[in-house]
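What follows is a single chain, given as structure tokens, in the form predicted alone.
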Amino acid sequence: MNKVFSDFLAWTREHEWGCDESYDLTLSNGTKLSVWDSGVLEVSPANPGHKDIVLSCAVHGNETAPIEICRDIINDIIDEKQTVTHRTLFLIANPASINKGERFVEENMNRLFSGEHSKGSTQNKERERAAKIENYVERFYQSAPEGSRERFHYDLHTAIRDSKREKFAVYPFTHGAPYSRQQLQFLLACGVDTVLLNQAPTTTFSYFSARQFNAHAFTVELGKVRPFGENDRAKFAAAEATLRNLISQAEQDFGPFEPEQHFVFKEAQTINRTQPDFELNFADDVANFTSFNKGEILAWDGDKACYAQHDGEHIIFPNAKVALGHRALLTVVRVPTESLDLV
């Protein structure tokens, strides 16, 4: 077996910005593996089921636990220890940032989808890579067998800071469509009981798949950023097992839906950094989902104070060092699960 398949992650990192060649391998069980580019692996069973699944990681290269999970699943597929029933596309999105050990090389890739990569006069490798990834996702979904099919995309991440709710998912804006009860159950099986509902379009990878291809798509935060080898994999066991079952089982049974098991939040406000002297009004070690009350100052954007607008307003993804014009802080408020339009 050549090096491409014997250690796919290592080969991907060696070809961090792309590879001009494609590689194919058919396993003894009839499953076909096709490498389209560095970090881009299509897995096609001999008789594929009705689901088309995208599993992505390393949109931010220092978020190592999802990379380790995808690496181990891929290795087990190659060694024929992991059954694959449904077509699956693995995407290791930003190998160069993995090698650098940082969130990104030049620009946050998770702000470059839905065509954002082509806007403005600035171009860089991450923008080029985001454009290629969009094309690979389109190619994967559009090349599916004919018939009734379901599309899924789970973009796996870990967060920069601690969180009072360790695992949570972001549900992209649905443009009025109902939310999926089954997908909430899937996330719960992954150990993710907390969901944030986006209230507007974004340029994230998961929104791209949801909007362009009507996929069940989520940004899934599985814990905190750690270096390679320092992740407590036991904390990710439920997520990994559920993802493995997703690609191997014809259907998954999650049992009855119980609203009280799910903690749902919606956006309260997005605070962007517009001034060079932006600063958060709380310490760097304050955890995600810390709650503030109406009138408390959350940040200073130059000389403008940014206040909490509700009692029980929780902070998410605070980062004072983002580029000008980008989101420095998201806040959310709890909504009853029973109030959602669910199908």
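The numbering used is simple: start at 1 and walk along the sequence shown. What you see is a predicted model; the values in this text were computed from it and never measured.
This next part talks about the form predicted in complex with a small molecule, which is not shown.
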Can you pick out, from 78, 268, 160, 271, the residue that has a heavy atom within 4.5 Å of the small molecule in the predicted complex?
160
Candidate from 111, 262, 125, 244 lying within 4.5 Å of the small molecule in the predicted complex - any heavy atom
111
If you check in the predicted complex, is residue 209 within 4.5 Å of the small molecule, heavy atoms only?
no
With a cut-off of 4.5 Å between heavy atoms, is residue 327 one of the residues that contacts the small molecule in the predicted complex?
yes
Applying a 4.5 Å heavy atom distance criterion, does residue 314 contact the small molecule in the predicted complex?
no
With a cut-off of 4.5 Å between heavy atoms, is residue 37 one of the residues that contacts the small molecule in the predicted complex?
no
Counting any heavy atom within 4.5 Å as contact, can you tell me which stretch out of 25-33, 279-287, 296-304, 59-67 lines the small molecule in the predicted complex?
59-67
With the partner left out here, if you bring back the small molecule in the predicted complex, are 170, 204 and 219 all within 4.5 Å of it by some heavy atom?
yes
